[in-house]
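A lone chain, given as structure tokens: the form predicted on its own.
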């Protein structure tokens, strides 16, 4: 069957999503057992005899601690990348929605929104349209196969229609596409008459939150969700939230709860459990409160947590502008030692730098630094102008000198050490073969360090996010350890797992945000019973 934008909805394999994840769920070493049908949340009690603080569920607050009760169809928990679209799509389909948001406003931490399967791809730079064979194979390969392939497929094919539904249903919305990595698009947004402090898809989320409050929706800001409510059958029927004054609110739902609370990067105990390498790294996203709330609340109602180690989305932006991150130039640690093949995919470059002293490195290049830019298909969108270079020098993350020795002194490396490494590397450039780390000759030929001025660019590793999410099927329904759906509970964005495996494939730029927007809206479709239809 020819894979097109629309006919995927009838494709085989969607029903296999839950079964595929059930196999993963059965391997989870740390997840808690599902509660029995007869068990209610009030019967769960905490104990000190646990390995992790979230292993034991707290008691539900007493009735006299509840300051207000809300009744609705759907409760959306978290207003980041996934939550606003879910709230808007639900409300536009006639659902009464209450949203709980931990912060004082919505916040989208991602810089872009990567999507596939858009209409008119030829118009924006893909003259042959989408090559779904290559896209799907690439995503499966990049995630080491430790993922739910049906979920990946759903997010790929639904992502373009999701953002285009938002464009078509937000008055004055302007959506433009930017071709990324040759096989998918990033989105650029503006809304006529709407000014926002947010970037990218955050502009849309900001508008949605304002619209929702003016059109019958309820948003409780600075009210983080603390627990899920289950009935005697084991179905999730609501959420407990805590207000700034310490009192609690109760949200009762008839249709379901969608968890969109983000990742675990602010919770050091969870980092110790799922990705200890991230402990102590600076954070790229200026957010607070990413404490793994979905993991806690999901665990307490018997949800399975992604069994593989969490993927840590590392970036090199923390030290500064980092315009040339991942460009395959000679890279040395702070001792002046070369330590890797510089031609890796960007996510692997960040992993290699992670284990160097102080998690930092320097790229070394000469005055011809812009000549190979079009060939650097594995780098992270390097610019093609000297303004970016001079900008890094001006802000102190780039260094410029007339000699290698002077450059070494500026970056605090022994001049004789750096000169020796540069001379050896230049020898490889001349002979067209790298005998140390075997950098691809197509990159090596642009990497010579021979004609001044010479440049060094400094990078430090930092966290973008750390995903350890609840296992979901391809309808975003949360699964218990035995692979069965937990009625009434959905998760989207970084609160959900099974998407990226052990590492985020940064080569698919922006798809973390793209799958978040898509997943929130797919969760609503699942509630509506329309998940196999278009938006």
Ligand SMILES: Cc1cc2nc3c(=O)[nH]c(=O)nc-3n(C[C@H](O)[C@H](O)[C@H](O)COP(=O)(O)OP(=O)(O)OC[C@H]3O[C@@H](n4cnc5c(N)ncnc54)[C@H](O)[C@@H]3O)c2cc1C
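Note that the structure is a prediction, hence the values are computed from the model and not measured. Residue numbers count along the first chain shown, from 1.
Not pictured, yet referred to below: the form predicted together with the ligand.
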query	finding
Partner-proximal stretch of 420-428, 437-445, 135-143, 221-229 relative to the ligand in the predicted complex, 4.5 angstroms, heavy atom	221-229
Contacting member of 204, 90, 465, 310, with respect to the ligand in the predicted complex [4.5 Å, heavy atom]	465
The ligand contact in the predicted complex: residue 177, any heavy atom under 4.5 Å	no
Contact of residue 326 with the ligand in the predicted complex (heavy atom, 4.5 Å)	no
In the predicted complex, residue 147 touching the ligand (heavy atom, 4.5 Å)	no
Residue contact check: residue 54 to the ligand in the predicted complex, 4.5 Å heavy atom	no
Members of 248-266 lying within 4.5 angstroms of the ligand, judged by heavy atom, in the predicted complex	260, 261, 262
